[in-house]
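Single chain ahead, by itself, as structure tokens, in the form predicted alone.
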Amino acid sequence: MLKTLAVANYRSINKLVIPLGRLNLITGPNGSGKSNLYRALRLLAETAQGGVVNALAREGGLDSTFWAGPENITRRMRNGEVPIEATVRQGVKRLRLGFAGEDFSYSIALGLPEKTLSCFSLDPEIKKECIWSGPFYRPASLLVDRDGPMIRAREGRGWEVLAQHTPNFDSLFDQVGSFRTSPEVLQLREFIRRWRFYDHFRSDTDAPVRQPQLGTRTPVLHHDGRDLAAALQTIREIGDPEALQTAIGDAFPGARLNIAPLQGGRFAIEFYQEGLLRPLSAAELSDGTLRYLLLVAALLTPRPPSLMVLNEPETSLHPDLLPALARLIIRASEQCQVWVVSHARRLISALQQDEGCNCIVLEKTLGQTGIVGQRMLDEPAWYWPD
């Protein structure tokens, strides 16, 4: 699992190094930087999907996403002795993202392109990528090094050049992966590709999940929840059906769920509630009930990811459902690493009852996102490659 997450020069995050555990709860007041930290993690995930440059472009490019404050905030600025003002930049302009894992660690640095006549001159470029062994970077632990267009891998006491003309918009994960020369690239790429994000379940009246859908075995719920019925039936057949019924009964006492096969291979949800003479279809369920079922299908997946990220899962849920949701999240954290972004007090309180919960409270000081109570010596060891 991830041990450390590091972000520099991304939106409100000037410099941030976060220790991570099996269950991570990110909270803080509105505007403290929770969404920016979540977006940074999504950008990291895009490196293994070939879309990190496109993702930055959709956010307005590097100029729009780069830290807007001074390069360094001095002690006198923090104390209000001198105003916050621009200084002469000493280093190059780089947006940096990285993480330390149990086996390998990774970082990427993106910057503005050199002067060019291309129509894509505003696209950010990948300037530096590194993979190393161990929790923090040391030159001796470096395994794969990408500097501009050249990628090299350690070979004994020397280096082997893997590529010399890598496009500046492609990650090294898109270019190399030979088991003979760089097995760590393949391993790390697949590790990142197994990250799973759920932040936009559709539950509106026109959402596909409210209509019977063609069903095939679905061990992984789609990010918008369209294949909910098939995912729930998959849990019943090859997952943990008892946990599924427990999760439903925990939130809705006396309720039970059935998946009805229809003609043409379509599946329909039948939700039985105590006191009703017929089951409710997905089209009849409230937004909160449907969203809870979506979260159940995501968290009870028969194929756990390496990292599951839930962004404000409390949306549309009644506060009485949040303790049951917390128990589901804690259970899921026993199978994979979980990251939860939330500001719902009842969900936060319930998650904090688990002794393994790593609660990270964000705050913003002088426009900069930080961790409440974290001082310099509290940060995990982290060094950016030169």
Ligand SMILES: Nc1ncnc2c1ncn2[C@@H]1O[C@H](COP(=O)(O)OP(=O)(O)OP(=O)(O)O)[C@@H](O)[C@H]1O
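Since we're looking at a predicted model, the values are computed, not measured. So that there is no doubt, residue numbering starts at 1 and follows the sequence shown.
There is another form of the same protein, the form predicted together with the named molecule; it is not shown, and what comes next is about it.
*Asks:* Among 345-353, 323-331, 49-57, 64-72, mark the stretch whose residues have heavy atoms within 4.5 Å of the named molecule in the predicted bound form.
*Replies:* The contacting stretch is 64-72.
*Asks:* For residue 12, is any heavy atom within 4.5 Å of the named molecule in the predicted bound form, or not?
*Replies:* It does: once the named molecule is placed as it appears in the predicted bound form, residue 12 has a heavy atom within 4.5 Å of it.
*Asks:* Given that the named molecule is not shown alongside this chain, does residue 335 nevertheless sit within 4.5 Å of it in the predicted bound form, heavy atom to heavy atom?
*Replies:* Taking the distances in the predicted bound form, the answer for residue 335 is no, it never comes within 4.5 Å of the named molecule.
*Asks:* Does at least one non-hydrogen atom of residue 312 fall within 4.5 angstroms of the named molecule in the predicted bound form?
*Replies:* Residue-level check for residue 312: yes, a contact with the named molecule.
*Asks:* Going by a heavy atom distance of 4.5 Å, is residue 358 a contact of the named molecule in the predicted bound form?
*Replies:* No - in the predicted bound form, heavy atoms of residue 358 and the named molecule never come within 4.5 Å of each other.
*Asks:* Pull the contact list for 26-40: residues with a heavy atom within 4.5 Å of the named molecule in the predicted bound form, in sequence order.
*Replies:* Stretch hits, in order: 29, 30, 31, 32, 33, 34, 35, 36.
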